[in-house]
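First comes one chain, alone, set out as structure tokens in the form predicted alone.
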Amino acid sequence: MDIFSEFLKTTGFASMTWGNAIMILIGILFITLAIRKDYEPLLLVPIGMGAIVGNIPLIEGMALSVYDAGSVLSYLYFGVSHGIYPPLIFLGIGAMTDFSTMLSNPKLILLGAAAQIGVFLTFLGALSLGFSYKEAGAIGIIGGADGPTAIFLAAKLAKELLGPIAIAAYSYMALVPVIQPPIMRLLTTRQERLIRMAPPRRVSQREKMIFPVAAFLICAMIAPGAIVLLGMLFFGNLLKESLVTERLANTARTAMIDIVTILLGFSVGASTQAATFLQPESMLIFALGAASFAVATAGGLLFAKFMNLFLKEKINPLIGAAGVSAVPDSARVVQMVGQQEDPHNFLLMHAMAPNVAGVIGSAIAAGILWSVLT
């Protein structure tokens, strides 16, 4: 009986806290949303399972968690805490991305830039709530709706907030179909939502091959802090568009990005231990993240309406909501909302222009914040 009693003390049941139970339920909720609602399943399933694993009570003296030096999970988490996984994700995104619609209508790049207002307004909001400059910068980037960028910047500026920032960023990316449509309907009229746009012009293969090199040089000069993310993004795109490295491009956009997504999502989820995650500042980060995402969406919409004051060929302001860099989910939401008004209005191709511009914009914003706040 003494042996049995000692065994019971080593089980998770004996050390389970309310915080662990709450985080395990949140992990189950993430998995449920991914399966039942199809909300970013490639992200929420690994994060949800990681949250369950990370909140099993630990045995004293055994290195098991992501925060225990020498544990297996700590080695997996190394790629998160040192910003290794995000550039690899960007490489895969670059190999999947077609910049043709953006190149065919360059003025739509401005919508991707306008959406980054959420980043900088949230930065100011976080400062006003008592966060340090570095912490505020890491929190602000959630408004870009770009999980890898948020993780990369948090790893550089505020490692102690990495878990809440990563979960907030990926949660709001997954909830794009829930958060954006009400804002889009509130800030646009039915007449504006019915605007049809002319088909984009055909972009030559030469333009596609020149773009990643030229765009990287311009962006890197503006924000040297973004060279790792943008370098990998445009490198991946060059692999795709050069037409001579299809094998490498295919690996980057399939097997490699899938492996890194699994490791990143699971590691981030496992870092959400109740003792470190369920803190007042985590709740503030979630609130600021929601505000940041809403402001970014509104910024893109309102700037599209502003552009229409000067354009002869009007643009549908709905595509401004795609300026956040949740690729391609926000572009799909634009298509969905547009077709609810007119089933024959196809906005997806146009929305992809500010969407991919938003990816570049969020990386530049992160580079600027890193450069200024370091």
Partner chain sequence: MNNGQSNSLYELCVDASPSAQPRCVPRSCRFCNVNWLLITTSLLLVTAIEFGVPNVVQAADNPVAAAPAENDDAPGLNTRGVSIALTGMTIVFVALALISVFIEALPRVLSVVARVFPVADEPRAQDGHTDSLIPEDDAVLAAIGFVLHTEMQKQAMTNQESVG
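Positions refer to the first chain, counted from 1. Predicted model only: the values in this text are computed from it and were never measured.
Another form, the form predicted in complex with its partner chain, is not on view; read the next lines as being about it.
Participant: What I'd like checked is whether 102, 110 and 218 together line its partner chain in the predicted bound form, meaning each has a non-hydrogen atom within 4.5 Å of it.
Facilitator: Heavy-atom distance to its partner chain in the predicted bound form: all three under 4.5 Å.
Participant: Here the chain is shown alone; which of 235, 277, 133, 286 has a heavy atom within 4.5 Å of its partner chain in the predicted bound form?
Facilitator: Here the answer is residue option 133.
Participant: Answer with one of 82, 190, 247, 206: the residue that has a non-hydrogen atom within 4.5 Å of its partner chain in the predicted bound form.
Facilitator: For this set of options, the contacting one is 206.
Participant: Check whether residue 23 has any heavy atom within 4.5 Å of a heavy atom of its partner chain in the predicted bound form, and answer yes or no.
Facilitator: No.
Participant: Residue-level contact is defined here as any heavy atom of the residue lying within 4.5 Å of its partner chain in the predicted bound form; does residue 281 satisfy this criterion?
Facilitator: It does not: once its partner chain is placed as it appears in the predicted bound form, residue 281 has no heavy atom within 4.5 Å of it.
Participant: Does residue 156 make contact with its partner chain in the predicted bound form, using a 4.5 Å heavy atom cut-off?
Facilitator: Flag for residue 156 set to no.
Participant: Should residue 371 be classed as touching its partner chain in the predicted bound form when contacts are defined as heavy atoms within 4.5 Å?
Facilitator: Yes, residue 371 sits close enough to its partner chain in the predicted bound form that at least one of its heavy atoms falls within 4.5 Å.
Participant: Tell me which stretch of 162-170, 254-262, 267-275, 125-133 has a heavy atom within 4.5 angstroms of its partner chain in the predicted bound form.
Facilitator: Selected stretch: 125-133.
Participant: Which residues in 350-372 have a heavy atom within 4.5 Å of its partner chain in the predicted bound form?
Facilitator: The stretch touches the partner through 357, 360, 361, 364, 365, 368, 369, 371, 372.
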